[in-house]
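Okay, so here's just one chain, in structure tokens, the form predicted alone.
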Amino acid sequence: MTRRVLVATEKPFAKKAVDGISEIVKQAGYELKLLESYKDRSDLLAAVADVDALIVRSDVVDAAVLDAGKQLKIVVRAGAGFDNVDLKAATAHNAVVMNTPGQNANAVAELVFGLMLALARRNYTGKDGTELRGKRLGLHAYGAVGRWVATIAKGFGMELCAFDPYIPREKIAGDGLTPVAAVDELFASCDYLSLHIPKTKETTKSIDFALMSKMKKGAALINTARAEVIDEPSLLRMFAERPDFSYAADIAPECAKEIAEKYAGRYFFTAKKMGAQTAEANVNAGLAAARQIVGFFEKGDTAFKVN
């Protein structure tokens, strides 16, 4: 029986990505179904009913979707974050969930520098700014994105340090960064602090006032991770009590309007979460998702399983 793979995307992949996914799926002898730019959740529930595999981007895959997908054996989130997929429900339905780590890492890393430069050059208003060369950049997590950030930062002539309890200190040091033993030390010692932690129960609202208040004078916080890792009351308190503090993120916090009204020139927010919004990352993540599905069915490969 032919396996069916559904690509369900409210925000469609680029045509090049869809063509590449189609080629990989067809070469494996599978059938591809497309559900692009759908407006109603019922469309997704109907489309998933007869498929073996599902590729999504930021689309929500919850218990209702898994209930509807009676044949569903694997869900791949084309991207690094996977908080849009209900892992417990997937496990209960005996469905494997994977992400595609690293495929959008360079896109996010380049955005980090776009955000840092916006703050350093006072949002390009013509006012005197500062340079990145010689500044100390701290990385809160040293995964795929963190490693690309470090690579780019070396070209800017920045000093580098990182905190990641899951990465051996020898690995961090071997890449030319100073490993930091505690997150408090990281925040206290850097001119720029770049967040790359995932959204989990432990990290949600973990960036609070107790931590941010340790930041050195004139320091800036850069968030291309998730909005939820920031405790927003603490963020507002930092803006109010630390006029030297600035913040940039690729997704505006709920308190963005208040920040805009009171703290002009000390923040920069993109119009939407756009770390992975490049043509290259779009294609890379889509093709990786298709290859992982084929590897799962043909070889039992679960290397990127997250549930």
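The numbering used is simple: start at 1 and walk along the sequence shown. Computed from a predicted structure; not experimentally measured.
Below, we turn to the form predicted in complex with a small molecule, even though it does not appear here.
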*Which residue among 161, 195, 89, 80 has a heavy atom within 4.5 angstroms of the small molecule in the predicted bound form?*
80
_Counting any non-hydrogen atom inside 4.5 Å, which residue from 41, 242, 273, 26 sits next to the small molecule in the predicted bound form?_
273
_Proximity to the small molecule in the predicted bound form (heavy atom, within 4.5 Å), stretch among 164-172, 200-208, 179-187, 70-78_ = 70-78
*asked:* Under a 4.5 Å heavy atom criterion, is residue 147 part of the interface with the small molecule in the predicted bound form?
replied: no
*Partner proximity in the predicted bound form: residue 266 to the small molecule, non-hydrogen atom cutoff 4.5 Å*: no
_Residue-level contact is defined here as any heavy atom of the residue lying within 4.5 Å of the small molecule in the predicted bound form; does residue 11 satisfy this criterion?_
yes
*asked:* Residue-level question: is residue 104 within 4.5 Å of the small molecule in the predicted bound form, judged on heavy atoms?
replied: yes
